[in-house]
Ligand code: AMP
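Just the one chain here, the form predicted alone, laid out as structure tokens.
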Amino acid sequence: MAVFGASQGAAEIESSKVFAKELMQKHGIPCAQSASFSDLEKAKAYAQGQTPPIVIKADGLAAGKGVIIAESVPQAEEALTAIMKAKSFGPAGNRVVVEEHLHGREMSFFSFTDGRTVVPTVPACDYKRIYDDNQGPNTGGMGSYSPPPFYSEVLGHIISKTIMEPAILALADEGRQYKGILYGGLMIINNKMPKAIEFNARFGDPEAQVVLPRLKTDLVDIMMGVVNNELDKMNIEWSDDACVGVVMASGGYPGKYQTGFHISGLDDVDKDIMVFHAGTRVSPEGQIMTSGGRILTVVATGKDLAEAREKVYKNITRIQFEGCHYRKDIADIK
């Protein structure tokens, strides 16, 4: 079968934060200082010697919510107890990573690879916190935009040569050839020094919704280039347009929320607006209903971020469902 995507072994770069950190440290990939633990008391003892804020990460997959930024040592101890003892993230918290808090600008960087050739896409920025001004708990992502104003070709070259290509070569060195799309969650320090926060073995969400609309080359052609180990023969082209996406979520998300509400106004948005469905279903009567935490992502392109942002927020008010919540500051670049 022709498969575009990482093998189970290669995908461990996402499914285990402990594995990813050890891989980065072993192969000299720039990242935050950290230590990994399977023993709660040892993890607490290590946290007590760190300077807050302290980043606590569950080892396994936790729907984008397995990272806690503790503002004090007691908060870090509380988070470790919740993850490792109370199992707030289930078996994903059997091991944890305790990590230094990096300061800078977060950015998502993607690369297509057939295991030999590595081709970067356009970058994006996403918004993890539920409320405006990056307040509240982490979510799976409340919106995104592309390109970041601080991005440059020089920065992209540095990211490719110090993080993305070394990660793919490191996996190959471990006998885990990576093929597909690799996502690098990065912190850009002083707008010029990138460090890896995490990797995903897939397109990021909601970043994919603002990256793929800028792709001019047929995605299936790229996929087949990866499958057939012919990525080096491809010329992948991107639009110069900017793209902005805003997530519409259920009231209460990322905590408890209700579902089963009718979504109105989907046919009222302008023709050039894209609406990507996530937590939706069709009722027996043919109505589109809510069925999850993050419901829709409303996306627009424009000549620049300001134009794309204006188009999104002009149209998003036309879509309604009970308890609807979305951030008002996506791509509000200051």
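Residues carry their position along the shown sequence, with the first being 1. Worth saying up front: this structure is predicted, and the values here are computed from it rather than measured.
Below: the form predicted in complex with the ligand, not depicted.
Next on the checklist: At 4.5 Å between heavy atoms, only one of the stretches 78-86, 166-174, 197-205, 255-263 reaches the ligand in the predicted bound form; which one is it?
Outcome noted: Among the candidates, contact is made by 197-205.
Next on the checklist: Residue-level question: is His101 within 4.5 Å of the ligand in the predicted bound form, judged on heavy atoms?
Outcome noted: Answer yes; at least one heavy atom of His101 falls within 4.5 Å of the ligand in the predicted bound form.
Next on the checklist: Considering non-hydrogen atoms and a 4.5 Å limit, does the ligand approach Lys128 in the predicted bound form?
Outcome noted: Yes - in the predicted bound form, heavy atoms of Lys128 and the ligand come within 4.5 Å of each other.
Item to check | Distance check, Met187 to the ligand in the predicted bound form, heavy atom within 4.5 Å | outcome: Met187: contacts the ligand in the predicted bound form.
Item to check | is_contact(Ala278, the ligand) in the predicted bound form, heavy atom dist at most 4.5 Å | outcome: Residue-level check for Ala278: no, no contact with the ligand.
Item to check | Candidate from Ala32, Met274, Ile288, Ala45 lying within 4.5 Å of the ligand in the predicted bound form - any heavy atom | outcome: Partner contact (heavy atom, 4.5 Å) among the options: Ala32.
Checklist entry - Which of these residues, Leu305, Val67, Val269, Ala70, gets a heavy atom within 4.5 Å of the ligand in the predicted bound form? => result Only one option qualifies, and that one is Val67.
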